[in-house]
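The chain that follows stands alone, in the form predicted alone, written as structure tokens.
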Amino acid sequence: MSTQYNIPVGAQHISLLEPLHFKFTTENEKIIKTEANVGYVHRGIEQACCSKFKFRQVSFVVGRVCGLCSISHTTCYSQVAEKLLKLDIPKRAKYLRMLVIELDRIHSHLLCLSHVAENSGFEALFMKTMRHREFSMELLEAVCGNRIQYDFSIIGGVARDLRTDVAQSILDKFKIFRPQLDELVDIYKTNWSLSLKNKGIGVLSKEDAIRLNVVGPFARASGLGVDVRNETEELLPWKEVGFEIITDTAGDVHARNMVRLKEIYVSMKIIENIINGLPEGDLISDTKAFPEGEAVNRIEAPRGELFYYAKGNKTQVLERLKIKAPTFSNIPAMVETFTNNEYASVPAIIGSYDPCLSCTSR
């Protein structure tokens, strides 16, 4: 005879990376129902951007939405503001934006992978992955000037150029990191304590991914080939620098690990192509216009589609700004992936989902 238990997890818990609250209903050890609450943080950032700051300052404000996704927020806002201003940016600035976006994707994916390892009980692999991630943080600081809040993309282009010595440093460090990444792939693929144990855990089918409008690596691990980089060539020439979509079909924790690992290889290839083919030109296009009308913009952040809506009224202050983060889009699917799994698998599933509540609850 089975017995039902209601188990609360969060908003503060050793396996939670962010302030989430789950209520799991279990029959013995199996989860039969999940409720989630993500509304624990609200900082009023959207309202502040429409009342306290001029529109050119907003790119620096939204960069503080999240430390991990800072470059995605600043770039996405800069692009939506440029649409309101009807402003085209130099090609060199576009290439440099893509470079830092992909460097940011590398460090974010490695952080997610390390947390999956930690939540699976593989502490040594957590430390190893975090150690390898450090090189990407050093490169981001060398390119942008800051280690966390990058303030790199601004309205009209970028704030800093890529120095020759920094470009060469990126290529040199990639040569060192590539065999380290090969080793990580082998461990994540074959070690029983991690991926083999997590095969078949937290499965999301392709049909459910479509039904629930899942985005990012969460969707691509279920065989759904959605990636904003494949749809916004008019803003940033991704295909020109070697972008390709990585997908899997299993839709489980193991598949999400492998999609992120393979995407790191793609990011490295994109960055190498950008450095070897970086066009000459200006870093910024200037204008004295004020934002007018409405515009939307999307960018592929490390966790998936980041969406910005902005409305201007020909003044220094925006009339409206709205942000929809990828974590918000993935919450319904995350809740479903727990069903019919053992309660002991919850930490690994949460880690593979890679939630970012800083982006979601502003």
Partner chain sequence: MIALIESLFLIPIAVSALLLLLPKTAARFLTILATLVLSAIAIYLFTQATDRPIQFAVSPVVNKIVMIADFSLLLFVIGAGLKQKNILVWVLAILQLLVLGYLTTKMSETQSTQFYVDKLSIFMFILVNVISGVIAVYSLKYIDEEKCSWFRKKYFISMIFWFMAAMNLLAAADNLEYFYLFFELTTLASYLFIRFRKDDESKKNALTALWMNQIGGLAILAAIVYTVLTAQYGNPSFSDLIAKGNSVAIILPFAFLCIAGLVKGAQYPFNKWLIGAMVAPTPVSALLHSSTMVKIAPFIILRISPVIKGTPVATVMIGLTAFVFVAAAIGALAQDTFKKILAHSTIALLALMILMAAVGTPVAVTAALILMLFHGLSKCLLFLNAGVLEHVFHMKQTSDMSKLGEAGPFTALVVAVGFMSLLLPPFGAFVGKWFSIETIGTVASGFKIVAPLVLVCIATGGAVLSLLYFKVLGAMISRTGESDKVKFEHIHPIYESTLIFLLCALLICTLALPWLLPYYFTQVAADTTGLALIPVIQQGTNIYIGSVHLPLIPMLIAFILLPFGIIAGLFVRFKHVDRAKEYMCGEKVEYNFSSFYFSTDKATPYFVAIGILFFVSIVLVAFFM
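It should be emphasised that the depicted structure is a prediction, and the values quoted were computed from it without experimental measurement. Numbering follows the first chain given and starts at 1.
Not on display, but discussed next: the form predicted in complex with the partner chain.
Remark: residue 315 does not count among the residues lining the partner chain in the model of the complex, judged by a heavy atom distance of 4.5 Å or less. Residue contact check for residue 12: one or more of its heavy atoms lie within 4.5 Å of the partner chain in the model of the complex.
Although the partner chain is omitted here, in the model of the complex all of 3, 21 and 29 have a heavy atom within 4.5 Å of it. Taking a 4.5 Å heavy atom cutoff to the partner chain in the model of the complex, the one contacting residue in 35-51 is 40.
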